[in-house]
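Presented as structure tokens, the chain that follows is alone, the form predicted alone.
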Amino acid sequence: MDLLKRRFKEQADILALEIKEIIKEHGETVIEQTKLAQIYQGMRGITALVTETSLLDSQEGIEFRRKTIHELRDKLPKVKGGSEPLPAGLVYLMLTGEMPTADDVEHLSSVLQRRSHIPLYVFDTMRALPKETHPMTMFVVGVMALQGESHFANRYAAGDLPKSEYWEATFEDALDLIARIPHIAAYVYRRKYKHGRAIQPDGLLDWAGNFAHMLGYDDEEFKELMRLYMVINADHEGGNVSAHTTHLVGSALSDPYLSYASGMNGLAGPLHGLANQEVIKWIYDMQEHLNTKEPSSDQIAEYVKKTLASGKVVPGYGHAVLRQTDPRFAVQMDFGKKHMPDDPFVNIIWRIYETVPPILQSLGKIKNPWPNVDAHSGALLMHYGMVEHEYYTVLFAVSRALGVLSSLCWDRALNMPLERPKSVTTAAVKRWLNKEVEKLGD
């Protein structure tokens, strides 16, 4: 058995026993109460599932296996001479809970390279789509075309998959998908924006560096950006749309290809993965309105107030959980200050950061006036020439694969059941409330 797979199974067996004891001793413990407002308003703040790979703290931001973004950037192995973390190291960390060594990452990288081949029929399927097709649609179609390669689906259909081995077939599919997804995503970019001129992978490069190469960006700084981007967007605990959808569909024993594709259809929504391109559009609109490419802080403040007065939000600001500046924004700003301190568009991002929070705070009702990850990422990509904004969500999807597929491995290893929460009708709620009123009258 492969070293990583064996280490994963050892950790899974240990945790499965711990969970069994927790349920045995504390299964009836009530951890919180649900409010009607939460039921009607998107289940915000309801603790309803377990995700082992990451946890979102309102003050510290996302933590992967109890490691912050800043710790990952510092401690995960890097390419020789590089300063940004290797995404393969994060996969190792999420699967085992242990910080990998350079040798661990090199081994996993070689495994992913060996698994990266994509059958020609997948590209034929994608080519059948009109070039006008949205890049996320092309990407998900490519993933779905690969579904016939699923170990889990094929073994289950053949009656050759006992429940005790669900985790192993899921694990194999997850690594295959992580290995192949960059090639599919790069093909989408080259077909849609670069006249269909695909670039062959370079087996000597790391996973993220090779992705940058297949996109057509061989600048070492862009490869570093891809390494950072893929790490910071990999996971965001389990309740967000893409992660929760992947988990939910997987709980029906749909294979990782079906589950991941479902999650990415959720990521494609304007309220989830499209946010960074909304930031760019808002800045373009501001520049046009103010008739300047480099607005001052006062001009930005004027436009922010105009945006809010019209009943709209400032894209990239606010977060359902965070109550501080998103650490993912902070590390991107650090990357920008290091590699592109004089970029005019990036400087607009920084002036917006100085301007927006005080205005939102002055309104008094804003719980989080701080920027999230989407407030910065588009500007960094534009600096290197990636100006195709609607493609940005595909980059997000490639990164998010690392987290949701690692988490799916844990779901199967821990025998997580079919997810099926109870729902109610408004009529039932009204009957219940009337009974409560009657009790108060008594």
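Numbers for residues come from their place in the sequence shown, where the first is 1. Heads up, when I say rigid core I mean the largest set of C-alphas that superpose within 1.5 Å between the two forms. Bear in mind the structure is a predicted one, so any value in this text is a computation, not a measurement.
Another form exists, predicted in complex with a small molecule; not displayed. Remarks below refer to it.
This chain appears without its partner; in the predicted bound form, the one residue of 114, 293, 367, 194 with a heavy atom within 4.5 Å of the small molecule is 367. Between the options 257, 187, 317, 335, the residue in contact with the small molecule in the predicted bound form by a heavy atom within 4.5 angstroms is 317. From the list 46-54, 23-31, 369-377, 59-67, the contact stretch for the small molecule in the predicted bound form under a 4.5 Å heavy atom rule is 369-377.
Residue contact with the small molecule in the predicted bound form: residue 271 places a heavy atom within 4.5 Å of it. In the predicted bound form, residue 198 stays away from the small molecule, with no heavy atom inside 4.5 Å. The small molecule is not drawn, but in the predicted bound form it has no heavy atom within 4.5 Å of residue 234. For residue 391, no non-hydrogen atom is located within 4.5 Å of the small molecule in the predicted bound form, even though that partner is not displayed. Superposition on the rigid core between this form and the one not shown places the CA atom of residue 359 2 Å or more away from its counterpart.
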